[in-house]
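Form predicted on its own, single chain, as structure tokens, below.
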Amino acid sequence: MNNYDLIIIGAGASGLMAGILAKDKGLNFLIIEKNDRVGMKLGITGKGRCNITNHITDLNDLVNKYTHNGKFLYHAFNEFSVQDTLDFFEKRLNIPLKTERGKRVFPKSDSSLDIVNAFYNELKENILLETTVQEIKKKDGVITGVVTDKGKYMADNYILATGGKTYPVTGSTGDGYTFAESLGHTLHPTYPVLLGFKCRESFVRDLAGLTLKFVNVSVIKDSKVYKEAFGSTLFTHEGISGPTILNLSQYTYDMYEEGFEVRIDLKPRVKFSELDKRVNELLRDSGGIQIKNVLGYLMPKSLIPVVLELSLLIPEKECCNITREERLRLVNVLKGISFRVYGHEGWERAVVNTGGVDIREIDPNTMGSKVVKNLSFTGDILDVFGPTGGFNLQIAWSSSFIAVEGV
């Protein structure tokens, strides 16, 4: 039978969640997925551990974490909260959870496959795999059917849960945007966000793999601090990444063409004058020891050659012979190593993207389309996103809940 109460297009996080909720509601439903397996992006989230949410229980605090169209999510989070998410996974799917640093929530097994398999085992009778949607038919403002390479399927209601454009290898190639536009929806330009920066400095290659903890990272725009973040930063073969960079990238998506500067303060909790005093004491107490052999007290060993080069200091120079001018140059570098950003890691590495279906055309109380009567949207296809740390999967869970509630 090709007639259903609900057809869900996409078996990613939000599509799978919508499926479970539809099952619990007793609906006759079908999930259509073009890949040969479900939850491909879900399987790689949290570095394969699946960071399902962030344990923030206060609704206002949670909404405020979403700097891009966060208010649109208020009702969804109120109806299906973080606590509801925890209860769903632990009680409905029987997956024990744990909360780690930064309030990030993971399965105790540290395996995203436990999440994916739990969804699949519940829904496998309702999933049509390796099936490509070719066209969504509409007449008089109502969807009349979905045309696939395996035939036409019809339902009273439809959910587009196709995701965005990030990690295209998992199947997120922007198909949903094409469908939404063909149905009359407005799209905002899409850009990859929550990803690393590519930098012009050649020394980043020598530092690849090094993580700097408890540093402050600033994006410089028009010679002023535009945005900043505190936390960990990771050097890659092409630039810098890590939690601070990923979260800053949500503000820089339109700045790469002209390029911009990023500065890393290695000692953000110490004022310049106090750091200068500490460095002066270190040099004084080290006497005839070469400068390259004492900076390990201030930074990781692999960073020392870079800092010395940027400070225009001779590595073999004895500490007792370092001049005041040289010392101040060194302190300046410690308080702000500069990087010239010229690009980003691309769609293949971005966690999510900005842009997508205009939320002004979506009812935030139901996730229902204001353009097409029997259509709803869930997850990454919407022009909403949050920072790293489980916030984007919470969008998937909550938006799916109110979408299915409206069926």
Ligand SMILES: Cc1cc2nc3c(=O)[nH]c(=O)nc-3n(C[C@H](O)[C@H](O)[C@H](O)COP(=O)(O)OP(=O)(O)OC[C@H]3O[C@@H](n4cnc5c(N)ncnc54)[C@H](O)[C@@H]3O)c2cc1C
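Since we're looking at a predicted model, the values are computed, not measured. So that there is no doubt, residue numbering starts at 1 and follows the sequence shown.
We do not show the form predicted together with the ligand, though everything after this point is about it.
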Task: Candidate from L334, V133, A76, L195 lying within 4.5 Å of the ligand in the predicted complex - any heavy atom - done: V133
Open item on the list: If the cut-off is 4.5 angstroms on heavy atoms, which of these, D175, D265, E261, E326, is the one near the ligand in the predicted complex?
Closed with: D175
Task: Per-stretch contact check against the ligand in the predicted complex, the hit in 344 to 352, 22 to 30, 55 to 63, 364 to 372 (non-hydrogen atom, 4.5 angstroms) - done: 344 to 352
Open item on the list: If we define contact as a non-hydrogen atom of the residue within 4.5 angstroms of the partner, is G171 a contact of the ligand in the predicted complex?
Closed with: yes
Task: Contact flag, N69 vs the ligand in the predicted complex, heavy atom cut 4.5 Å - done: no
- [ ] Would you check, heavy atoms only and a 4.5 Å threshold, whether A13 touches the ligand in the predicted complex?
- [x] yes
Task: Close approach of Y120 to the ligand in the predicted complex, 4.5 Å, heavy atom - done: no
